[in-house]
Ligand SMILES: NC(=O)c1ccc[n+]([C@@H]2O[C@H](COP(=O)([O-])OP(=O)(O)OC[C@H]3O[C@@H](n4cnc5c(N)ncnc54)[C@H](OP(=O)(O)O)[C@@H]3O)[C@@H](O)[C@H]2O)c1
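First comes one chain, alone, set out as structure tokens in the form predicted on its own.
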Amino acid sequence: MDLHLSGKVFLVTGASVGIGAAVVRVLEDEGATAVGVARKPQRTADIAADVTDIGAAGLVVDEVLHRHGRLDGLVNNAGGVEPRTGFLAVTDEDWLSSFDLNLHSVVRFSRAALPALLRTGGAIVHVASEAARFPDYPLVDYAAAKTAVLSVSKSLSAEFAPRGVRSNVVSPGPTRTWLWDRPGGFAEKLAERFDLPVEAAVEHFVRDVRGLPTGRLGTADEVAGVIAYLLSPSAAQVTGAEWAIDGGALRQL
């Protein structure tokens, strides 16, 4: 599918693995230039920066403009989660760290990118999570930060869509990324929780615990495809929206 992204320049945070890396690949396949940001340079992330550093956003956007002379879209993908044992175990430092990574970086990169996006009529896509609408105590601080991202995106849309810059959110549900497969990740924790081998535990979680109508975890490429669409001219009438990519996990009206 030609999304008419050839010649456009996009900035993707958290681009070294998972959804961010998949977004870079999809955009490049569409003929766009995708500039990835991560703490350590990778094939899909050639600018090294910690998005929680206060000055990082401005420096990164300046570098993109220096290299390419324009910016057509921003994907606020960087994020992370540490499962908690309960609310009382989450310290002030934990709350601040979670909000710095999952919310404040979104605010800073959006603020830094908007002047350039206003010149090109660009778009912003923020990666939230189903946890924003399905909060639970193991993700208490993460879910709160992602809920705030939904609000920020709608505020940005209200102010900047009339000026040509759209803002949307994608909210992935259970998606098989490095957060699942890293040592000590979600898959291993499910195996410990259910006293099952890893893949059997994942299958039990998908079918019996969560009851996902699709019967499987999502993939990073599936999320990336929706993000690329929302960045494209084909989504010109889509702004202030939230797209759930969750296998039917959330079925509330």
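No experiment lies behind these values; they were computed from the predicted model shown. Throughout, we count residues from 1 along the sequence that is shown.
The discussion below concerns the form predicted in complex with the named molecule, not included here.
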property	result
Non-hydrogen atom within 4.5 angstroms of the named molecule in the predicted complex for each of Gly18, Gly80 and Tyr142	yes
Listed range touching the named molecule, judged in the predicted complex by heavy atoms within 4.5 Å, from 207 to 215, 194 to 202, 33 to 41, 65 to 73	33 to 41
Candidate from Ala161, Leu179, Ala148, Val107 lying within 4.5 Å of the named molecule in the predicted complex - any heavy atom	Leu179
Residue contact check: Asn168 to the named molecule in the predicted complex, 4.5 Å heavy atom	no
Gly173 within 4.5 Å of the named molecule in the predicted complex, heavy atoms	yes
4.5 Å heavy atom contact, Ala49 to the named molecule in the predicted complex	yes
In the predicted complex, Val127 touching the named molecule (heavy atom, 4.5 Å)	yes
